[in-house]
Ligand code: NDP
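As a starting point, one isolated chain is supplied in structure tokens, in the form predicted alone.
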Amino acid sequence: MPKRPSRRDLIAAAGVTAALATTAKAQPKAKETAMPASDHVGFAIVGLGKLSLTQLIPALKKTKSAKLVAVVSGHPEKARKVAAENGLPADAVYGYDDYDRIAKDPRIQVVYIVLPNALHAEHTIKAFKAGKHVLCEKPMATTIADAEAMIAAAKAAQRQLMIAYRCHYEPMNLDVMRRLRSQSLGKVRQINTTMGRQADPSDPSDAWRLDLKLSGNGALGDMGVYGVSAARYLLNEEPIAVQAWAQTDRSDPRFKETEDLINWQFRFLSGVIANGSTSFNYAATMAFEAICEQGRLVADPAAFYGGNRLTVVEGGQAQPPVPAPAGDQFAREMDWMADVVRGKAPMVSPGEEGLQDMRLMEAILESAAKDGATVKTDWGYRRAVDPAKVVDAKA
């Protein structure tokens, strides 16, 4: 039987003045960094799993403003090998037992946390205590309390916390955002997002995702977070209520602890309805659709590492699909973080964005546990910076 692809395999297989002022009001002012503004910002990668080895470290060879300066791993031999392959000296290799030593390493300005979700808060907070900025994978944590602690630690350290929402910087997603903002097909009436795949417990990178303590919420946090986030950034609006339902076959050994198929419906004050779906037991898909008054925008795939494609349907006729411009999404994301650290770009995906998705996913699970009962979600959060206004898709 062929090996089922993991999320990483799936996604990879396809192949500023006003804004700065706005952000300054919402974000703590970071302390000045030690390096000249013209230099590259040094990144330490924490966790040498599939994403780091196949995407992040290669992307750091394509960045304009960021560079790899250190690695952190619980596997010394692996870490030394990766360091040697990337021209790093022996003292740029760290273990989790001496992670705090990064405080004395001036080469490191940003720590990129690429660990199982349950470990995000611990290593993020340690990085802030060491005086470093943090870029953290999503979902940002497994509990709301941990997410809030991460944000508090960033403010206390006067350092930047960015969550790795790469779609905020991806050209096709930015194109759709701008089309919807301009109402080129009329007002948006409905958003549909479908994000899921087949999970393979024999793959170590999937095994922890099926572990409730390590992942937090299984498919919803791993794949569903893309749909939760997409509905929000496509509309530049926050849900005011949610209803959700779950269907899980507990005889499937993969789902002893986490839910499988979850469907939800967000309601927005503007009148838009957003339907979302995620699963670890259906055909691989990462797609969204925006249905407007005079047409549809269909992104399929919408969130792969490459090969994303947009189809515009207007007057009942589908135009030829528009492929996303070539480029490395992770390089764009890390370059943005580097420019945030240097004061050259506004913070687009701060910790508060990650916290909002955490709260919405908790509301989804709460509603599903109550068989679709309405859960109100208008907590007053509003996005500080609209990606469509500040991120250049051609950069």
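Being a predicted model, the structure only gives us computed values, none of them experimental. Residue positions are given as counts along the sequence shown, with the first one as 1.
Keep in mind that the form predicted in complex with this ligand is not shown, yet the notes after this line are about it.
- Of the candidate stretches 101-109, 231-239, 207-215, 175-183, only 207-215 has residues with heavy atoms within 4.5 Å of this ligand in the predicted complex.
- This ligand is not shown here, and in the predicted complex it never comes within 4.5 Å of any heavy atom of Gly42.
- For the chain shown alone, Lys50 is a contact residue for this ligand in the predicted complex, at least one non-hydrogen atom being within 4.5 angstroms.
- At the 4.5 Å threshold, heavy atoms of Lys138 reach this ligand in the predicted complex.
- The shortest heavy atom separation between Tyr96 and this ligand in the predicted complex is within 4.5 Å.
- This chain appears without its partner; in the predicted complex, the one residue of Lys129, Lys155, His75, Lys256 with a heavy atom within 4.5 Å of this ligand is His75.
- Site annotation in the predicted complex: the residue of Asp222, Asp146, Asp260, Glu170 reaching within 4.5 Å of this ligand with a heavy atom is Asp222.
- Residues Tyr96, Val114, Leu115, Pro116, Asn117, Leu119, His120 are the members of 92-127 with a non-hydrogen atom no more than 4.5 angstroms from this ligand in the predicted complex.
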